[in-house]
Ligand code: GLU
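Okay, here we've got a single chain as structure tokens, the form predicted on its own, with questions on binding and movement later.
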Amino acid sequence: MIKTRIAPSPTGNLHIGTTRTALFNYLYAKNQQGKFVIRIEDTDIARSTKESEQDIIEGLEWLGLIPDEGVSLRGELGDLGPYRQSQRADTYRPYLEQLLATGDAYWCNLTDSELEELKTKAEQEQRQFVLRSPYREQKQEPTPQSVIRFKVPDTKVIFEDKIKGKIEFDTSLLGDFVIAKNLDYPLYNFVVVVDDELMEITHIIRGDDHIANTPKQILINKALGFKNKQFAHLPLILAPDKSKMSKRFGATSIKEYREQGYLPEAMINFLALLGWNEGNDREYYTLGEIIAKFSLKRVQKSGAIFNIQKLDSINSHYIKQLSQEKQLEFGREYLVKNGFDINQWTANQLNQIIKLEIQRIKKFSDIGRELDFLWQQPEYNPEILAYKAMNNPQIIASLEWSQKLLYNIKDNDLENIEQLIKTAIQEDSQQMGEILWPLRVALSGKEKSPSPFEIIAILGKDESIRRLQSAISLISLDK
């Protein structure tokens, strides 16, 4: 059975890179009717926290990436745990002892000064420094300063990467590397090999910044007599200028995206397209559709460009796809978060505000930000009331025409306000722009805003008339 894993270190919140890697592991496993495992690599005691672990698990499960085995919000799943490295200390010692017994690893008593001497000698001889410790062929009793090094054989490591193709490493360029500080303190490249074997991981899918670790892990895997693993190295996520991702370009945590009002469906859709596509221009996929279509053969070899505008566009699409009940629920929640007093509106008015915003916002945290004029009398330069070359008397005449029309409209006719105003404009031979532009600006105080019909429907007849009078007074004072 195909089995993949994501093994984050809980030293910070779940970020975009780890999430995309987790997603591709999940997609591949599910496409192959396999299993997806979440393992926590928390041996960095000083930096690992339970809060970070919780954030990682909550973030993955919010996105729908539920593990078949490993650490989950429901506790540990599966029979091959524990799935936290900090709880597996007794697991690694026998395998370290095995490598020491077979001579594939050795106690190295090199001091820091001796190591520096070897590096200096290589520099003087103008050759690349590759550590072959003088202790590699000697049986040493460990001292408190000793480390366990893997004895790198002179060979070539060749493997078929499922994304990049054939990759070859010459181990003569790879020094004997440390796999443990002592029998009770194994290091990453060693423990990850043991864990992958004991948890029956078949495919290791990760970012190509890990590719330098692969020959080391293959050598350890072979020395321990473990099953061969399949590797796939994903292209890194790059900023729009093709530099390394930074917070300036959107390298924020999944928690931050969630708090900003991005939907999990949009995040999954967007992240899947960061490095993979079906071979066409299709933009929108559900998680189930991506699983059905997913193939590592369709993963690109070069870096994937992070485009926040693309994410916004996809999220906007999914916001519009939400049920009306969910749109209203999220809308009310984020209006309150943004500091708006929703209690000043009737339920019907509030629903109209949210429905109006749903068509415009990219994420829920945007809601209300462009409609602040609904909550307070707008302040603006009266010059923007003019449509094209209109003068002040023409603007006042336009606003008074609209004011009079509103006086004669019944409150229950506001649902048809657009048709009523447009019909009146035609019957009175008015110019559409010369009526609607001053009307809209007087209501909103903005050069760009929703239509005057939508604003009147929300503000109501009396408040709309009052704002028109304020605009007339503003022009009069400006004379």
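Keep in mind that what you see is a predicted model, and the values were worked out from it rather than measured. For every residue, the number given is its place in the sequence shown, counted from 1.
A second form of this protein, the form predicted in complex with this ligand, is not displayed here; the remarks below concern that form.
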Do all of Arg5, Glu41 and Arg206 end up near this ligand in the predicted bound form, with near meaning a heavy atom within 4.5 Å?
-> yes
Would you please decide whether Val192 lies within 4.5 angstroms of this ligand in the predicted bound form, comparing each non-hydrogen atom pair?
-> yes
Interface membership of His210, this ligand in the predicted bound form, 4.5 Å heavy atom rule | yes
Looking at the partner-bound form in the predicted bound form, is Tyr188 within 4.5 Å of this ligand by any heavy atom?
-> yes
Proximity of Asn13 to this ligand in the predicted bound form, heavy atoms at 4.5 Å | no
